[in-house]
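Heads up, the chain below is alone and in the form predicted on its own; it's given as C-alpha coordinates.
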(Lines give C-alpha, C1' and ligand atoms only; values in the text may rest on other atoms or scores of the structure.)
Protein backbone atom coordinates (compact mmCIF):
# COMPACT_ATOMS: atom_id res chain seq x y z
CA UNK A 1 0.00 0.00 0.00
CA UNK A 2 1.42 3.39 -1.08
CA UNK A 3 1.33 6.15 1.52
CA UNK A 4 -0.05 9.57 0.57
CA UNK A 5 2.62 12.26 -0.02
CA UNK A 6 0.31 15.28 0.71
CA UNK A 7 1.44 17.59 3.51
CA UNK A 8 -0.89 18.31 6.34
CA UNK A 9 -2.41 21.85 6.15
CA UNK A 10 -2.42 23.64 9.47
CA UNK A 11 -5.27 25.78 10.75
CA UNK A 12 -3.28 29.01 10.23
CA UNK A 13 -2.63 28.08 6.59
CA UNK A 14 -6.34 27.66 5.94
CA UNK A 15 -7.05 31.32 6.83
CA UNK A 16 -7.44 33.90 4.07
CA UNK A 17 -4.70 36.13 5.54
CA UNK A 18 -2.07 33.42 5.31
CA UNK A 19 0.88 34.05 3.00
CA UNK A 20 3.69 31.61 2.31
CA UNK A 21 7.12 32.57 3.67
CA UNK A 22 8.36 33.87 0.32
CA UNK A 23 5.47 36.34 -0.08
CA UNK A 24 5.23 37.75 3.42
CA UNK A 25 5.84 41.48 3.95
CA UNK A 26 8.49 42.15 6.57
CA UNK A 27 10.23 45.22 7.96
CA UNK A 28 9.47 48.68 6.51
CA UNK A 29 7.36 47.20 3.71
CA UNK A 30 4.88 45.92 6.30
CA UNK A 31 4.96 49.13 8.43
CA UNK A 32 4.80 51.85 5.76
CA UNK A 33 2.89 52.50 2.56
CA UNK A 34 3.11 55.17 -0.10
CA UNK A 35 0.55 57.91 -0.63
CA UNK A 36 -0.58 56.55 -4.00
CA UNK A 37 -1.29 53.12 -2.49
CA UNK A 38 -3.21 54.80 0.33
CA UNK A 39 -5.32 56.72 -2.21
CA UNK A 40 -6.06 53.52 -4.12
CA UNK A 41 -7.10 51.72 -0.97
CA UNK A 42 -9.35 54.54 0.34
CA UNK A 43 -10.75 55.25 -3.16
CA UNK A 44 -10.48 59.03 -2.77
CA UNK A 45 -8.63 61.84 -4.53
CA UNK A 46 -5.61 63.74 -3.23
CA UNK A 47 -7.44 66.90 -1.97
CA UNK A 48 -9.88 64.74 -0.01
CA UNK A 49 -7.02 62.69 1.41
CA UNK A 50 -5.21 65.85 2.54
CA UNK A 51 -8.35 67.17 4.19
CA UNK A 52 -8.95 63.88 6.00
CA UNK A 53 -5.33 63.76 7.24
CA UNK A 54 -5.56 67.34 8.56
CA UNK A 55 -8.79 66.63 10.43
CA UNK A 56 -7.50 63.35 11.91
CA UNK A 57 -4.02 64.71 12.73
CA UNK A 58 -2.12 62.19 10.56
CA UNK A 59 1.29 63.21 9.21
CA UNK A 60 3.71 61.68 6.67
CA UNK A 61 6.51 59.50 8.04
CA UNK A 62 10.19 59.09 7.19
CA UNK A 63 11.22 55.41 7.22
CA UNK A 64 14.89 54.58 7.58
CA UNK A 65 14.86 52.75 4.26
CA UNK A 66 12.60 54.13 1.53
CA UNK A 67 11.82 50.91 -0.28
CA UNK A 68 10.01 52.54 -3.24
CA UNK A 69 12.29 55.50 -3.87
CA UNK A 70 13.33 58.80 -2.31
CA UNK A 71 10.68 60.86 -4.12
CA UNK A 72 7.73 59.10 -2.49
CA UNK A 73 5.63 60.20 0.47
CA UNK A 74 5.20 57.47 3.10
CA UNK A 75 2.55 56.88 5.76
CA UNK A 76 2.12 54.33 8.51
CA UNK A 77 -0.09 51.41 7.46
CA UNK A 78 -1.90 51.62 10.79
CA UNK A 79 -2.73 55.31 10.10
CA UNK A 80 -4.27 54.40 6.75
CA UNK A 81 -6.26 51.61 8.45
CA UNK A 82 -7.35 54.26 10.95
CA UNK A 83 -8.62 56.48 8.11
CA UNK A 84 -10.45 53.62 6.41
CA UNK A 85 -12.90 53.38 9.33
CA UNK A 86 -13.54 57.13 9.63
CA UNK A 87 -17.28 58.08 9.45
CA UNK A 88 -16.38 61.27 7.55
CA UNK A 89 -15.31 59.12 4.60
CA UNK A 90 -18.86 57.83 4.18
CA UNK A 91 -20.28 61.34 4.70
CA UNK A 92 -18.07 62.67 1.90
CA UNK A 93 -19.39 59.98 -0.42
CA UNK A 94 -22.98 60.93 0.46
CA UNK A 95 -22.22 64.59 -0.17
CA UNK A 96 -20.74 63.76 -3.57
CA UNK A 97 -23.86 61.82 -4.48
CA UNK A 98 -26.09 64.74 -3.53
CA UNK A 99 -23.88 67.15 -5.49
CA UNK A 100 -24.37 64.98 -8.56
CA UNK A 101 -28.16 64.93 -8.00
CA UNK A 102 -28.29 68.71 -7.63
CA UNK A 103 -26.16 69.19 -10.73
CA UNK A 104 -28.33 66.80 -12.73
CA UNK A 105 -31.54 68.54 -11.58
CA UNK A 106 -30.14 71.94 -12.55
CA UNK A 107 -29.14 70.58 -15.97
CA UNK A 108 -32.76 69.46 -16.49
CA UNK A 109 -33.90 72.93 -15.29
CA UNK A 110 -35.88 71.34 -12.49
CA UNK A 111 -35.42 74.06 -9.88
CA UNK A 112 -37.82 72.60 -7.31
CA UNK A 113 -36.02 69.25 -7.30
CA UNK A 114 -32.61 70.96 -7.02
CA UNK A 115 -33.84 73.03 -4.05
CA UNK A 116 -35.28 69.94 -2.37
CA UNK A 117 -31.98 68.07 -2.78
CA UNK A 118 -30.14 71.12 -1.42
CA UNK A 119 -32.36 71.14 1.69
CA UNK A 120 -31.82 67.41 2.22
CA UNK A 121 -28.06 67.67 1.84
CA UNK A 122 -26.28 65.58 4.55
CA UNK A 123 -24.50 67.47 7.33
CA UNK A 124 -21.64 66.44 9.57
CA UNK A 125 -19.84 67.63 12.69
CA UNK A 126 -16.28 67.28 13.92
CA UNK A 127 -17.14 66.82 17.59
CA UNK A 128 -15.98 63.20 17.66
CA UNK A 129 -12.57 64.23 16.25
CA UNK A 130 -12.02 66.75 19.07
CA UNK A 131 -12.87 64.13 21.69
CA UNK A 132 -10.65 61.61 19.92
CA UNK A 133 -7.57 63.86 19.59
CA UNK A 134 -7.88 65.55 23.01
CA UNK A 135 -8.93 63.09 25.71
CA UNK A 136 -8.72 65.73 28.49
CA UNK A 137 -9.33 69.48 28.74
CA UNK A 138 -5.68 70.21 29.61
CA UNK A 139 -4.59 68.51 26.37
CA UNK A 140 -6.83 70.89 24.42
CA UNK A 141 -5.46 73.93 26.28
CA UNK A 142 -1.87 72.92 25.49
CA UNK A 143 -2.68 72.94 21.77
CA UNK A 144 -4.50 76.30 21.65
CA UNK A 145 -1.62 78.38 20.21
CA UNK A 146 -2.17 77.56 16.53
CA UNK A 147 -6.01 77.58 16.65
CA UNK A 148 -6.12 81.05 18.22
CA UNK A 149 -3.57 82.44 15.76
CA UNK A 150 -5.49 81.03 12.79
CA UNK A 151 -8.88 82.25 14.02
CA UNK A 152 -7.59 85.77 14.75
CA UNK A 153 -6.09 85.81 11.23
CA UNK A 154 -9.32 84.78 9.50
CA UNK A 155 -11.28 87.24 11.65
CA UNK A 156 -9.47 90.06 9.80
CA UNK A 157 -9.57 88.55 6.29
CA UNK A 158 -12.19 89.64 3.77
CA UNK A 159 -14.67 87.15 2.34
CA UNK A 160 -13.56 86.23 -1.17
CA UNK A 161 -15.29 84.20 -3.88
CA UNK A 162 -12.09 83.53 -5.82
CA UNK A 163 -10.30 81.96 -2.84
CA UNK A 164 -13.62 80.45 -1.65
CA UNK A 165 -13.52 82.12 1.77
CA UNK A 166 -17.19 82.23 2.87
CA UNK A 167 -18.65 85.05 4.94
CA UNK A 168 -19.89 82.61 7.59
CA UNK A 169 -16.35 81.37 8.19
CA UNK A 170 -15.04 84.91 8.80
CA UNK A 171 -17.94 85.78 11.11
CA UNK A 172 -17.54 82.58 13.13
CA UNK A 173 -13.79 83.17 13.51
CA UNK A 174 -14.42 86.71 14.78
CA UNK A 175 -17.11 85.55 17.20
CA UNK A 176 -14.92 82.82 18.70
CA UNK A 177 -11.91 85.13 19.03
CA UNK A 178 -14.04 87.78 20.79
CA UNK A 179 -15.46 85.16 23.17
CA UNK A 180 -11.94 84.02 24.02
CA UNK A 181 -10.79 87.60 24.68
CA UNK A 182 -13.85 88.23 26.85
CA UNK A 183 -12.99 85.24 29.05
CA UNK A 184 -9.37 86.36 29.37
CA UNK A 185 -10.58 89.83 30.39
CA UNK A 186 -13.00 88.41 32.94
CA UNK A 187 -10.35 86.29 34.64
CA UNK A 188 -7.45 88.80 34.21
CA UNK A 189 -5.34 86.03 32.68
CA UNK A 190 -3.31 88.20 30.28
CA UNK A 191 0.39 88.22 31.18
CA UNK A 192 2.54 89.44 28.26
CA UNK A 193 2.08 91.67 25.20
CA UNK A 194 4.62 92.41 22.48
CA UNK A 195 4.01 94.53 19.39
CA UNK A 196 6.10 93.42 16.39
CA UNK A 197 6.10 93.89 12.64
CA UNK A 198 4.13 90.65 12.14
CA UNK A 199 1.43 91.62 14.61
CA UNK A 200 0.75 91.66 18.35
CA UNK A 201 1.79 88.69 20.49
CA UNK A 202 -0.28 87.84 23.57
CA UNK A 203 0.35 85.30 26.30
CA UNK A 204 -2.18 84.18 28.89
CA UNK A 205 -2.02 81.83 31.86
CA UNK A 206 -5.11 79.60 32.12
CA UNK A 207 -5.20 76.59 34.46
CA UNK A 208 -1.40 76.70 34.68
CA UNK A 209 -0.95 76.53 30.88
CA UNK A 210 0.92 79.26 28.98
CA UNK A 211 -0.95 80.02 25.74
CA UNK A 212 0.63 82.37 23.18
CA UNK A 213 -0.96 83.56 19.96
CA UNK A 214 -0.41 86.22 17.30
CA UNK A 215 -3.00 88.77 16.19
CA UNK A 216 -2.43 90.65 12.90
CA UNK A 217 -2.55 94.43 12.79
CA UNK A 218 -5.88 96.01 11.93
CA UNK A 219 -5.01 96.79 8.32
CA UNK A 220 -6.59 95.93 4.99
CA UNK A 221 -5.45 92.41 4.16
CA UNK A 222 -4.34 91.42 0.67
CA UNK A 223 -4.91 87.76 -0.22
CA UNK A 224 -1.76 86.35 -1.88
CA UNK A 225 -2.21 84.12 -4.89
CA UNK A 226 0.51 81.61 -3.92
CA UNK A 227 -1.22 80.45 -0.72
CA UNK A 228 -3.45 77.37 -0.78
CA UNK A 229 -6.48 78.64 1.14
CA UNK A 230 -8.22 75.25 0.85
CA UNK A 231 -5.71 73.76 3.28
CA UNK A 232 -6.03 76.75 5.63
CA UNK A 233 -9.84 76.56 5.53
CA UNK A 234 -9.64 72.88 6.50
CA UNK A 235 -7.55 73.80 9.54
CA UNK A 236 -9.98 76.61 10.41
CA UNK A 237 -12.93 74.23 10.17
CA UNK A 238 -11.37 71.95 12.80
CA UNK A 239 -10.11 74.83 14.94
CA UNK A 240 -13.59 76.36 15.13
CA UNK A 241 -14.92 73.16 16.70
CA UNK A 242 -11.95 72.91 19.09
CA UNK A 243 -12.13 76.54 20.29
CA UNK A 244 -15.91 76.22 20.63
CA UNK A 245 -15.44 73.26 22.99
CA UNK A 246 -12.78 75.12 25.00
CA UNK A 247 -14.86 78.30 25.28
CA UNK A 248 -17.87 76.25 26.38
CA UNK A 249 -15.87 74.62 29.16
CA UNK A 250 -14.28 77.90 30.30
CA UNK A 251 -17.57 79.81 30.35
CA UNK A 252 -19.33 77.07 32.31
CA UNK A 253 -16.48 77.11 34.85
CA UNK A 254 -17.56 80.72 35.56
CA UNK A 255 -21.26 79.84 35.64
CA UNK A 256 -22.01 81.76 32.40
CA UNK A 257 -24.26 80.46 29.64
CA UNK A 258 -22.57 79.84 26.30
CA UNK A 259 -22.68 81.37 23.75
CA UNK A 260 -23.24 84.83 25.30
CA UNK A 261 -25.77 87.17 23.71
CA UNK A 262 -24.28 90.44 22.47
CA UNK A 263 -25.76 93.66 21.14
CA UNK A 264 -25.72 93.74 17.34
CA UNK A 265 -25.49 97.54 17.35
CA UNK A 266 -22.17 97.41 19.22
CA UNK A 267 -21.00 94.57 17.00
CA UNK A 268 -21.61 96.70 13.90
CA UNK A 269 -19.66 99.51 15.57
CA UNK A 270 -16.64 97.14 15.86
CA UNK A 271 -16.96 97.21 19.64
CA UNK A 272 -17.94 93.59 20.12
CA UNK A 273 -15.12 93.12 22.60
CA UNK A 274 -16.58 95.77 24.91
CA UNK A 275 -20.10 94.35 24.75
CA UNK A 276 -18.89 90.77 25.33
CA UNK A 277 -16.79 91.93 28.27
CA UNK A 278 -19.80 93.65 29.82
CA UNK A 279 -21.93 90.50 29.43
CA UNK A 280 -19.25 88.20 30.83
CA UNK A 281 -18.40 90.53 33.73
CA UNK A 282 -22.03 90.99 34.73
CA UNK A 283 -22.90 87.27 34.80
CA UNK A 284 -21.52 84.28 36.63
CA UNK A 285 -19.28 83.76 39.62
CA UNK A 286 -15.74 82.53 39.96
CA UNK A 287 -14.82 80.25 42.86
CA UNK A 288 -11.17 80.01 41.89
CA UNK A 289 -8.60 81.51 44.25
CA UNK A 290 -6.63 84.33 42.66
CA UNK A 291 -2.88 84.09 42.99
CA UNK A 292 -0.54 87.03 43.59
CA UNK A 293 0.22 87.54 39.89
CA UNK A 294 -3.49 87.71 39.01
CA UNK A 295 -4.12 90.25 41.76
CA UNK A 296 -1.28 92.44 40.47
CA UNK A 297 -2.66 92.32 36.94
CA UNK A 298 -6.18 92.97 38.15
CA UNK A 299 -5.27 96.13 40.04
CA UNK A 300 -2.65 97.63 37.70
CA UNK A 301 -5.05 100.08 36.01
CA UNK A 302 -7.51 100.24 38.89
CA UNK A 303 -9.27 103.63 39.26
CA UNK A 304 -7.84 104.76 35.90
CA UNK A 305 -10.05 105.87 33.00
CA UNK A 306 -8.72 105.81 29.45
CA UNK A 307 -9.95 107.36 26.23
CA UNK A 308 -8.81 106.03 22.86
CA UNK A 309 -8.31 108.30 19.89
CA UNK A 310 -9.34 107.26 16.39
CA UNK A 311 -5.83 106.49 15.14
CA UNK A 312 -4.79 103.96 17.81
CA UNK A 313 -5.44 100.16 17.58
CA UNK A 314 -8.81 100.06 19.33
CA UNK A 315 -9.41 96.30 19.67
CA UNK A 316 -5.95 95.61 21.07
CA UNK A 317 -6.06 98.44 23.61
CA UNK A 318 -9.63 97.57 24.67
CA UNK A 319 -8.55 93.99 25.31
CA UNK A 320 -5.34 94.97 27.14
CA UNK A 321 -6.70 97.77 29.34
CA UNK A 322 -9.77 95.83 30.43
CA UNK A 323 -7.62 92.75 31.17
CA UNK A 324 -5.57 94.82 33.64
CA UNK A 325 -8.50 96.37 35.47
CA UNK A 326 -8.94 99.72 33.71
CA UNK A 327 -11.98 101.50 32.27
CA UNK A 328 -11.84 102.54 28.64
CA UNK A 329 -13.90 104.44 26.10
CA UNK A 330 -13.49 105.51 22.47
CA UNK A 331 -14.71 108.00 19.91
CA UNK A 332 -17.70 106.42 18.20
CA UNK A 333 -21.02 104.61 18.67
CA UNK A 334 -21.62 102.73 21.89
CA UNK A 335 -18.89 104.53 23.89
CA UNK A 336 -19.39 104.32 27.70
CA UNK A 337 -18.42 107.99 28.21
CA UNK A 338 -17.48 110.98 26.08
CA UNK A 339 -14.09 112.58 25.47
CA UNK A 340 -14.95 115.67 27.51
CA UNK A 341 -15.42 113.60 30.69
CA UNK A 342 -13.35 115.29 33.43
CA UNK A 343 -12.63 111.99 35.23
CA UNK A 344 -10.49 110.62 32.35
CA UNK A 345 -6.90 110.14 33.57
CA UNK A 346 -5.14 109.04 30.35
CA UNK A 347 -5.85 109.65 26.68
CA UNK A 348 -4.12 107.31 24.21
CA UNK A 349 -3.14 109.24 21.08
CA UNK A 350 -0.72 108.72 18.21
CA UNK A 351 -0.96 111.97 16.22
CA UNK A 352 1.55 114.79 16.66
CA UNK A 353 -1.15 117.48 16.94
CA UNK A 354 -4.33 117.56 18.98
CA UNK A 355 -7.20 120.01 18.53
CA UNK A 356 -8.01 120.44 22.21
CA UNK A 357 -6.06 119.28 25.26
CA UNK A 358 -7.38 118.76 28.76
CA UNK A 359 -4.95 119.66 31.54
CA UNK A 360 -6.45 117.08 33.92
CA UNK A 361 -5.25 114.05 31.93
CA UNK A 362 -2.03 112.62 30.49
CA UNK A 363 -1.64 112.25 26.72
CA UNK A 364 0.50 109.18 26.10
CA UNK A 365 1.36 106.92 23.19
CA UNK A 366 -0.04 103.34 22.97
CA UNK A 367 3.36 101.85 23.85
CA UNK A 368 2.98 103.15 27.43
CA UNK A 369 0.05 100.77 27.98
CA UNK A 370 1.93 97.72 26.71
CA UNK A 371 5.18 98.51 28.56
CA UNK A 372 3.33 99.16 31.81
CA UNK A 373 1.49 95.84 31.51
CA UNK A 374 4.73 93.94 30.90
CA UNK A 375 6.51 95.69 33.81
CA UNK A 376 3.47 95.33 36.17
CA UNK A 377 3.93 98.97 37.25
CA UNK A 378 2.77 102.34 35.96
CA UNK A 379 5.82 103.65 34.13
CA UNK A 380 6.54 107.41 34.07
CA UNK A 381 4.34 109.00 31.41
CA UNK A 382 6.97 111.67 30.62
CA UNK A 383 8.90 109.22 28.45
CA UNK A 384 5.82 108.48 26.31
CA UNK A 385 4.32 111.94 25.83
CA UNK A 386 3.05 113.01 22.46
CA UNK A 387 5.73 114.10 20.00
CA UNK A 388 8.59 112.41 21.83
CA UNK A 389 10.45 109.28 20.67
CA UNK A 390 9.45 106.59 23.18
CA UNK A 391 11.95 104.21 24.83
CA UNK A 392 12.67 100.89 23.09
CA UNK A 393 9.82 98.39 23.26
CA UNK A 394 11.46 95.42 25.02
CA UNK A 395 10.17 91.91 24.45
CA UNK A 396 8.82 90.23 27.62
CA UNK A 397 9.46 86.82 26.04
CA UNK A 398 13.27 87.26 26.31
CA UNK A 399 15.02 86.36 29.59
CA UNK A 400 17.74 89.02 29.77
CA UNK A 401 19.58 87.36 32.67
CA UNK A 402 19.75 84.05 30.82
CA UNK A 403 20.95 85.81 27.66
CA UNK A 404 23.68 87.59 29.63
CA UNK A 405 22.79 91.12 28.49
CA UNK A 406 20.32 93.56 30.04
CA UNK A 407 19.41 96.62 27.93
CA UNK A 408 19.70 100.04 29.48
CA UNK A 409 15.95 100.60 29.61
CA UNK A 410 15.55 97.12 31.11
CA UNK A 411 17.79 98.18 34.02
CA UNK A 412 15.69 101.32 34.44
CA UNK A 413 12.51 99.24 34.63
CA UNK A 414 14.13 96.94 37.23
CA UNK A 415 14.98 99.94 39.42
CA UNK A 416 11.44 101.27 39.12
CA UNK A 417 10.04 97.85 40.04
CA UNK A 418 12.33 97.68 43.07
CA UNK A 419 11.32 101.18 44.12
CA UNK A 420 7.62 100.28 43.89
CA UNK A 421 8.31 97.20 46.04
CA UNK A 422 10.25 99.33 48.60
CA UNK A 423 13.58 97.76 47.63
CA UNK A 424 16.63 99.93 46.97
CA UNK A 425 18.86 99.29 43.97
CA UNK A 426 22.11 101.11 43.10
CA UNK A 427 22.01 104.05 40.74
CA UNK A 428 23.27 103.52 37.18
CA UNK A 429 27.04 103.78 36.90
CA UNK A 430 27.73 102.91 40.56
CA UNK A 431 27.47 99.13 40.28
CA UNK A 432 31.18 98.67 39.43
CA UNK A 433 32.29 100.89 42.32
CA UNK A 434 30.13 98.92 44.75
CA UNK A 435 31.46 95.64 43.38
CA UNK A 436 35.09 96.81 43.78
CA UNK A 437 34.38 98.05 47.29
CA UNK A 438 32.71 94.79 48.27
CA UNK A 439 35.64 92.80 46.84
CA UNK A 440 38.13 94.88 48.87
CA UNK A 441 36.08 94.39 52.04
CA UNK A 442 35.85 90.65 51.42
CA UNK A 443 39.63 90.41 50.83
CA UNK A 444 40.29 92.35 54.05
CA UNK A 445 37.99 90.04 56.02
CA UNK A 446 39.69 86.98 54.54
CA UNK A 447 43.17 88.28 55.50
CA UNK A 448 42.06 89.07 59.05
CA UNK A 449 40.50 85.62 59.42
CA UNK A 450 43.70 84.01 58.08
CA UNK A 451 45.82 85.92 60.62
CA UNK A 452 43.56 84.87 63.51
CA UNK A 453 43.65 81.22 62.38
CA UNK A 454 47.46 81.32 62.08
CA UNK A 455 47.80 82.69 65.62
CA UNK A 456 45.48 80.01 66.98
CA UNK A 457 47.43 77.24 65.21
CA UNK A 458 50.72 78.66 66.56
CA UNK A 459 49.36 78.69 70.13
CA UNK A 460 48.14 75.08 69.80
CA UNK A 461 51.55 73.99 68.44
CA UNK A 462 53.40 75.68 71.33
CA UNK A 463 51.14 73.97 73.90
CA UNK A 464 51.72 70.59 72.24
CA UNK A 465 55.53 71.12 72.20
CA UNK A 466 55.53 72.16 75.87
CA UNK A 467 53.57 69.04 76.85
CA UNK A 468 55.94 66.74 74.91
CA UNK A 469 59.07 68.31 76.45
CA UNK A 470 57.59 68.04 79.94
CA UNK A 471 56.79 64.36 79.39
CA UNK A 472 60.36 63.67 78.15
CA UNK A 473 61.85 65.45 81.13
CA UNK A 474 59.80 63.35 83.54
CA UNK A 475 60.85 60.20 81.64
CA UNK A 476 64.58 61.07 82.05
CA UNK A 477 65.35 61.70 78.36
CA UNK A 478 68.44 63.83 77.82
CA UNK A 479 68.25 67.23 76.11
CA UNK A 480 70.53 66.19 73.16
CA UNK A 481 68.35 63.15 72.36
CA UNK A 482 65.20 65.29 72.38
CA UNK A 483 66.86 67.72 69.91
CA UNK A 484 67.70 64.81 67.56
CA UNK A 485 64.07 63.60 67.66
CA UNK A 486 62.87 67.14 66.91
CA UNK A 487 65.13 67.35 63.82
CA UNK A 488 63.77 64.03 62.54
CA UNK A 489 60.16 65.24 62.97
CA UNK A 490 60.90 68.50 61.13
CA UNK A 491 62.40 66.57 58.22
CA UNK A 492 59.36 64.29 58.00
CA UNK A 493 57.01 67.32 58.03
CA UNK A 494 59.02 68.95 55.21
CA UNK A 495 58.68 65.79 53.10
CA UNK A 496 54.90 65.70 53.69
CA UNK A 497 54.61 69.37 52.67
CA UNK A 498 56.55 68.71 49.45
CA UNK A 499 54.29 65.77 48.62
CA UNK A 500 51.20 67.94 49.17
CA UNK A 501 52.59 70.58 46.86
CA UNK A 502 53.25 67.94 44.20
CA UNK A 503 49.70 66.56 44.49
CA UNK A 504 48.03 69.98 43.91
CA UNK A 505 47.36 70.13 40.14
CA UNK A 506 48.29 73.20 38.14
CA UNK A 507 45.49 75.31 36.61
CA UNK A 508 46.15 73.87 33.15
CA UNK A 509 45.38 70.37 34.42
CA UNK A 510 41.66 71.20 34.55
CA UNK A 511 41.64 71.95 30.83
CA UNK A 512 43.49 68.72 30.15
CA UNK A 513 40.93 66.81 32.22
CA UNK A 514 38.08 68.36 30.24
CA UNK A 515 39.84 67.50 26.97
CA UNK A 516 40.36 63.91 28.06
CA UNK A 517 36.71 63.64 29.13
CA UNK A 518 35.64 64.94 25.73
CA UNK A 519 37.86 62.38 24.00
CA UNK A 520 36.25 59.57 25.99
CA UNK A 521 32.70 60.64 25.02
CA UNK A 522 30.69 58.56 22.54
CA UNK A 523 30.37 60.02 19.07
CA UNK A 524 26.74 61.08 19.46
CA UNK A 525 27.35 62.71 22.86
CA UNK A 526 30.46 64.43 21.56
CA UNK A 527 28.55 66.02 18.65
CA UNK A 528 25.84 67.16 21.03
CA UNK A 529 28.45 68.67 23.36
CA UNK A 530 30.13 70.48 20.46
CA UNK A 531 26.77 71.86 19.31
CA UNK A 532 26.09 73.12 22.84
CA UNK A 533 29.48 74.81 23.01
CA UNK A 534 28.87 76.37 19.60
CA UNK A 535 25.55 77.78 20.81
CA UNK A 536 27.15 79.16 23.96
CA UNK A 537 29.88 80.76 21.84
CA UNK A 538 27.32 82.39 19.52
CA UNK A 539 25.40 83.73 22.50
CA UNK A 540 28.57 85.22 24.00
CA UNK A 541 29.50 86.75 20.64
CA UNK A 542 26.05 88.33 20.37
CA UNK A 543 26.31 89.76 23.87
CA UNK A 544 29.75 91.22 23.11
CA UNK A 545 28.40 92.77 19.91
CA UNK A 546 25.55 94.41 21.83
CA UNK A 547 27.97 95.76 24.43
CA UNK A 548 30.22 97.20 21.73
CA UNK A 549 27.28 98.89 20.03
CA UNK A 550 26.13 100.33 23.33
CA UNK A 551 29.65 101.63 24.01
CA UNK A 552 29.81 103.28 20.56
CA UNK A 553 26.44 104.96 21.09
CA UNK A 554 27.53 106.31 24.47
CA UNK A 555 30.78 107.61 23.01
CA UNK A 556 28.85 109.28 20.18
CA UNK A 557 26.52 110.93 22.68
CA UNK A 558 29.46 112.20 24.74
CA UNK A 559 31.14 113.56 21.60
CA UNK A 560 28.00 115.37 20.45
CA UNK A 561 27.35 116.84 23.92
CA UNK A 562 30.93 118.09 24.25
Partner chain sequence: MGKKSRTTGKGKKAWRANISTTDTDEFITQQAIEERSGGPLDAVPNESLFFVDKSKDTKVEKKTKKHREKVLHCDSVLQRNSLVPPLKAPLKPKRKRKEKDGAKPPSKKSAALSIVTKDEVVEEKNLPADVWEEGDGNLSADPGSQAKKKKKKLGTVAPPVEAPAVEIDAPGCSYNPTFADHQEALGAAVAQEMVKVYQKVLQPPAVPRIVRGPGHPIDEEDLFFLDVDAEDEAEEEEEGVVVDGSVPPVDSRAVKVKKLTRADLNRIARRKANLRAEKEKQEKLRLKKDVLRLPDIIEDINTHDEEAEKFRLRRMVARAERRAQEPPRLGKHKFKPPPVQVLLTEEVTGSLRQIKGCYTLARDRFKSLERRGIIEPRVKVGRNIRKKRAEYVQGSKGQKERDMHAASEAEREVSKHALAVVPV
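Since we're looking at a predicted model, the values are computed, not measured. Positions refer to the first chain, counted from 1.
What comes next is about the form predicted together with the partner chain, which is not displayed.
Visitor: Flag residue 224 as yes or no: does it have a non-hydrogen atom within 4.5 angstroms of any non-hydrogen atom of the partner chain in the model of the complex?
Guide: Although the partner chain is absent here, residue 224 would touch it in the model of the complex, with heavy atoms inside 4.5 Å.
Visitor: So, residue 422 and the partner chain: in the model of the complex, are they within 4.5 Å at any heavy atom pair?
Guide: Residue 422: no, not in contact with the partner chain in the model of the complex.
Visitor: Taking the shortest heavy atom distance, is residue 65 within 4.5 Å of the partner chain in the model of the complex?
Guide: No, residue 65 is distant from the partner.
Visitor: Do residue 59 and the partner chain share at least one heavy atom pair within 4.5 Å in the model of the complex?
Guide: Residue-level check for residue 59: yes, a contact with the partner chain.
Visitor: Are 72, 136 and 389 jointly within 4.5 Å of the partner chain in the model of the complex, each by at least one heavy atom?
Guide: All three within 4.5 Å in the model of the complex.
Visitor: Would you point out which of 148-156, 319-327, 355-363, 300-308 contains residues with a non-hydrogen atom within 4.5 Å of the partner chain in the model of the complex?
Guide: Selected stretch: 148-156.
Visitor: Could you work out which of 385, 214, 378, 335 is the residue within 4.5 angstroms of the partner chain in the model of the complex, going by heavy atoms?
Guide: Checking each option against the partner chain in the model of the complex, the one that comes within 4.5 Å is 214.
Visitor: Only one of 89, 170, 105, 130 gets a heavy atom within 4.5 Å of the partner chain in the model of the complex. Which one?
Guide: Contact with the partner chain in the model of the complex is made by 130 alone.
Visitor: Listed by sequence position, which residues of 374-398 have a non-hydrogen atom within 4.5 angstroms of the partner chain in the model of the complex?
Guide: Heavy-atom contacts within 4.5 Å come from 389, 390, 391, 392, 393, 394, 395, 397, 398.
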